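The chain that follows stands alone, in the form predicted on its own, written as structure tokens.
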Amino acid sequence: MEASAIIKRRRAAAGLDLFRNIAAGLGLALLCAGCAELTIAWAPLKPKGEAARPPIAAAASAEEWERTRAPRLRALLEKNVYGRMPDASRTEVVERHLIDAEAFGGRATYEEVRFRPTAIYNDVAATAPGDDLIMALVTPAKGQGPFPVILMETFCARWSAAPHPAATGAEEDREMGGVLGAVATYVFGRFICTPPYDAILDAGYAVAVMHPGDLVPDSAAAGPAALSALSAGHRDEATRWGAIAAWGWLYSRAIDALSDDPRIDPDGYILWGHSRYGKAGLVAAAFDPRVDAVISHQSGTGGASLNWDKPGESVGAIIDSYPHWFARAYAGLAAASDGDGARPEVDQHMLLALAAPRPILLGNARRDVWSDPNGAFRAAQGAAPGYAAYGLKGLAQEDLRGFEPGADIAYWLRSGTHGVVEEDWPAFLSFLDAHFKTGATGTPDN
């Protein structure tokens, strides 16, 4: 099939769904009760509510943590929240195509990497349904490599998130008049689609961009079929993985595709995701030790925020809205999260603990109560035993203020609501510089 036909089909399957989701989401935000929590209520500046529980048992050493504690936590999260991850995986790089050796005003080389990921369950291998995936790779043209790379899963199509007139799909985007990116930017902030490439490149970071809907459509109708096809060797529907797990798995397959590139620092795989893709980034770190850092921005329920004792989006609400995101068992936790059942032995502080010893940044906004910044802070506090096993502290601050970018778990709280805005990227880069540049410190200007 020709590339133009492939892109048109993907636009029909993913782009138009995104437009409808954005439009519907905006309408609902204006009408539903959750809007009041989203835009009027304020997250407290001091942690409020009970500590994360059950508490994570301390490990005497990193070896004990990796041998006994971490596998148990992964198993709990697979069983109760995300579904079973593949037994094994492989990735074939099909093609590398140079788009522009002097992109972004001569700051970068712009390439497209076509790759084919395969998931294996019970010795049954299944590739992604449809066509090969395309990742845009933007590497600094100046500076001494190899460069740390920020792997991004974005809401907008790849050619909007990594814009270039010669990018595959850009012609179809022009035919649409760029409406999808324009709507998303209007609703969710200046950088929801396209990050500030000039600042990122000048700071010495490469960027790799994927659209997760190319793997598993973010649709309750189409998503389950793609998930089932990818996990053909796993017959138990009750424990089949959800889209969040599959999107997390996609981050790891992108690492596979970049692992032979000498320009990319093998100790510098940084995952970036906002909202649902922030959840996916944390899942990837929990299951893939090659991940070196995560920026999980406003990941909320099913991500960094605790499931219980919370305002905003409940487990029941997220399951009702996005039933394809999680394993079926997560719906069973809804009653417990609403106080109508026994609390299970799993919560999201366990997901954060599994990132240890890698640094993570949890981004939040004070009026984004729907994503529960307070619950994310308490989850970060509860993740301390994972970092302690490596002799690290984890979260360093006492309340939701006082951003410390060099902390093992950095917590960022700005004013405003859900989205990616101008204040966010200086915080993200400050965190990255603190961990990937020797001797770097500092906080963003805001």
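Position 1 is the first residue in the sequence shown; the rest follow in order. Computed from a predicted structure; not experimentally measured.
What follows is about the form predicted together with a small molecule, which we do not show.
Peer 1: Please state whether all three residues Ile318, Trp325 and Trp370 have a non-hydrogen atom within 4.5 angstroms of the small molecule in the model of the complex.
Peer 2: Yes, because Ile318, Trp325 and Trp370 each have a heavy atom that approaches the small molecule to within 4.5 Å in the model of the complex.
Peer 1: Examine Phe155 and determine whether its closest non-hydrogen atom to the small molecule in the model of the complex is within 4.5 angstroms.
Peer 2: Heavy-atom contact with the small molecule at 4.5 Å: present for Phe155.
Peer 1: Is Arg414 close enough to touch the small molecule in the model of the complex, meaning at least one heavy atom pair within 4.5 Å?
Peer 2: Arg414: no, not in contact with the small molecule in the model of the complex.
Peer 1: Even though the partner isn't displayed, in the model of the complex is Ser275 close enough to the small molecule, meaning a heavy atom within 4.5 Å?
Peer 2: Yes - in the model of the complex, heavy atoms of Ser275 and the small molecule come within 4.5 Å of each other.
Peer 1: Just to confirm, Glu112 within 4.5 Å of the small molecule in the model of the complex by heavy atoms?
Peer 2: No, Glu112 sits far enough from the small molecule in the model of the complex that none of its heavy atoms falls within 4.5 Å.
Peer 1: Since the chain is shown here on its own, which stretch among 310-318, 142-150, 124-132, 282-290 would lie within 4.5 Å of the small molecule in the model of the complex, judged by heavy atoms?
Peer 2: Partner-contacting stretch among the options: 310-318.
Peer 1: Tell me, which of Ser160, Ser299, Ser231, Gln348 has a heavy atom within 4.5 angstroms of the small molecule in the model of the complex?
Peer 2: By the 4.5 Å heavy-atom cutoff, the listed residue in contact is Ser299.
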